[in-house]
Ligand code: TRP
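Single chain ahead, written as structure tokens, the form predicted on its own.
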Amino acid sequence: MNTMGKRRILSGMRPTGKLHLGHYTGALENWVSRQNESGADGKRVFETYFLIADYHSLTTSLETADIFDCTIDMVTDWLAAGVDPDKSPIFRQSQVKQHTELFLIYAMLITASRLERNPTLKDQIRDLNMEAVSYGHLGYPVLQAADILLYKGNIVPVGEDQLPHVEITREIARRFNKQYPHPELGDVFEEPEPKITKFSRLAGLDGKTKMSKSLGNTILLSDQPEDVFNKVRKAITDTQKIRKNDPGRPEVCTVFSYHCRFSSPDKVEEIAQDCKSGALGCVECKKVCSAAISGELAPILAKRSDYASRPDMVKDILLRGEEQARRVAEETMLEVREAMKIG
């Protein structure tokens, strides 16, 4: 059961290997902040659970890289960024079988036509140039609902593109509660609330879309300072600023958007003014930006090196987290079966 008065957060990622700045600003730093948030009494405000969504990685492509190796790389980045396994269980979706059990039940509570109206699905089909949609891909928001509600998640940190999925989760929770009231609890599931992250769509280096490894427009959390500089050096800026003394438009510049996140407020204001006046050239601006990014990544790089040298420790963290997750998941499924009168 959830601890009385404490909110619970469930969030996760597909195991795609090493993570980039978009993952960090869009999810990881928010996870760590929520994990460590304390109330006036000094106690944690949230219980946090972090999921490796390995089944979800199959919904858009069966030709995946080694999922386990990608998982270890991703978890190493999570730990380096500050996810604390003593506070936040880390676990693989595939190793907690209750996910698929609840997914099957939820699949009976929503129509195919409702899932086909999901705007995020339409965007994925377009972006990935998909000719056909599998049943699993169509139903992945239902599996996502099972992921969240299995742990009685109250708050779901998401980017704006994931809001339709949270709404589907809320609909499924309402439908289950109405169809299967628990004889003692009444509603088994609480409708979760989405929590938008401020920098959920960090622009890619090409300036065209958000960071994506498939588009090759990323800065990795594991990049050394020289790698960061070389990548930022090639980033798209204001196409109308040809020469150093030309007045620039920081509001359309990808590099300036990075400054807004990684540079100090005073520095951001200075850069904006100097860019507009023509006093600051793009080369110097990129040097300052890459230094700011590398400065924030420095402690993450140090911790990552330590964890990467001890892969068995990372595996043990996973196994421990999966034991914790199974206990919570089975408590929820007992309530589900009681409400449905099937167990």
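Counting begins at 1, following the sequence as shown. Computed from a prediction, not measured in an experiment: that's the story for all the values here.
From this point on, the text means the form predicted in complex with the ligand, which you will not see here.
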Query raised in the report: Applying a 4.5 Å heavy atom distance criterion, does Thr25 contact the ligand in the predicted bound form?
Result: no
Query raised in the report: Is Val158 close to the ligand in the predicted bound form, meaning a heavy atom pair under 4.5 Å apart or at it?
Result: yes
Report task. Report yes if any heavy atom of Gly12 sits within 4.5 Å of a heavy atom of the ligand in the predicted bound form; otherwise report no. Result -> yes
Query raised in the report: Quick one: does His56 come within 4.5 Å of the ligand in the predicted bound form, counting heavy atoms only?
Result: yes
Requested in this report: Name the stretch, out of 148-156, 70-78, 266-274, 188-196, where some heavy atom lies within 4.5 Å of the ligand in the predicted bound form.
Outcome: 148-156
Requested in this report: Tell me, out of Gln95, Asn118, Gln162, Thr100, which residue has a non-hydrogen atom within 4.5 angstroms of the ligand in the predicted bound form.
Outcome: Gln162
Requested in this report: Let me know the one among Tyr140, Tyr258, Phe91, Tyr106 whose heavy atoms come within 4.5 Å of the ligand in the predicted bound form, would you?
Outcome: Tyr140
